[in-house]
Structure formats: C-alpha cells, structure tokens
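One chain comes next, on its own, written out as structure tokens in the form predicted on its own.
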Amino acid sequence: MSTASLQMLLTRRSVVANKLGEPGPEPGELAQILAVAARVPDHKKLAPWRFMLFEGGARAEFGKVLAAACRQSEPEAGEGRLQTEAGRFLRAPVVIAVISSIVDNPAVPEWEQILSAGACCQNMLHAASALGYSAQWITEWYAYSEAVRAALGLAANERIAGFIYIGTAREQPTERDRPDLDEIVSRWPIDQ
C-alpha cells in the first residue's frame, strides 16, 4: 500500500451531513464509488446487498415520503419537524441507501451477509474520500421505519444498512478521540 493510501485511511473523517454541499460526485466518479462498494468480502458471491441512489430532484421527492412517514408515526409532530424531515436528503448532493438483502444459503450465515453490507458502506466512505469528497454513513429513524421500507420496496429479507451522504465539506471536521489500541488489542493466549 502506498504511503498516500495509508495516510488517507489514517486521516479519513466523516463529515456531518448538514455540513456537506456541492459539488457531489460526477456520474463517472459515482460509478467508481459503487464499484469499490461492491468489492467487499462476499462469501459464495451472493451479493447480499444492493444500492439505491437519490440524486437531483429525487432527493426532494423522497423528502415527501420521509415527512409523511414522520407524520404517520408521530401525529403530534410540528410543522418545523416535518420540514426538517422533508429536507433531510437535501443535505448532500448524493445519498445512497445500502440495502442488506439476505440470501438463503446454509453455507453463509446471515451475520456474514450483514457484515458484507456494512463493508459496502465503509468502502463507499473510503472511495468518496479517495476522490476528494466527504461523506457520512448514518441510519437515523427512517432506516427503521416500516413506511419508509414500504416506499423503498424492501422485501422481507431486506434491511437498510445505512444511508451514505456524499458531497463536499463546507468546513473541515475536527479530529476526534480514537480508541487507545492498548485498551482494545489483546493477544492470545489470554493471560489469566
């Protein structure tokens, strides 16, 4: 691995969706991000995930779905809250839903397939960063909403692994504390 690649991995930082803006990835760059996302560990080549893109006006259209789902689950939600939900996907030029799609295969436990979908999300973050963009992987309430699941056409075997917001950082994020490796790394055999 090149020093530049390692440095990118060591310094990659999520940027809060509210702090993303234009420009977003061009079509060719977006294709690269998706290709990198699909290059994850995938036992038995099941591709137990799929991607749904929200770009341009589709983001505002889907915002109507989010506002309606919010109103349905929280009838007391005020107009301000509903406007926030309607504008949620407008926070970044591109939003990608990563959908975990479990495949019935006795050789590949569900857990491995879910981890593979998570790896897709992480690869998207790395690819966006490598192309000079910023991104955030989040779920928020709508990843778990039955109304949103229905609007996305999710099957019974599917769940949202996350929404990847991609754009250009309007301000650089500050570094945050990272785990102390001495506290999270051990070697086997474990000392008793």
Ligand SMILES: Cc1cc2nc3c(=O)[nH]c(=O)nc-3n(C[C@H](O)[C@H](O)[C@H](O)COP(=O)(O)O)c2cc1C
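Values in this document were obtained by computation on a predicted structure and should not be read as measured data. All residue numbers are counted from 1 along the displayed sequence.
Form predicted in complex with this ligand: not shown, discussed below.
Contact check for Glu140: a non-hydrogen atom falls within 4.5 Å of this ligand in the predicted complex. In the predicted complex, this ligand sits within 4.5 Å of a heavy atom of Ser14. Not displayed here, this ligand is kept clear of Ile33 by more than 4.5 Å at the level of heavy atoms in the predicted complex. A residue is said to contact a partner when one of its heavy atoms sits within 4.5 Å of a partner heavy atom; Gln136 meets this definition for this ligand in the predicted complex. Among the residues Leu66, Ile166, Ala161, Met124, the one placing a heavy atom within 4.5 Å of this ligand in the predicted complex is Ala161.
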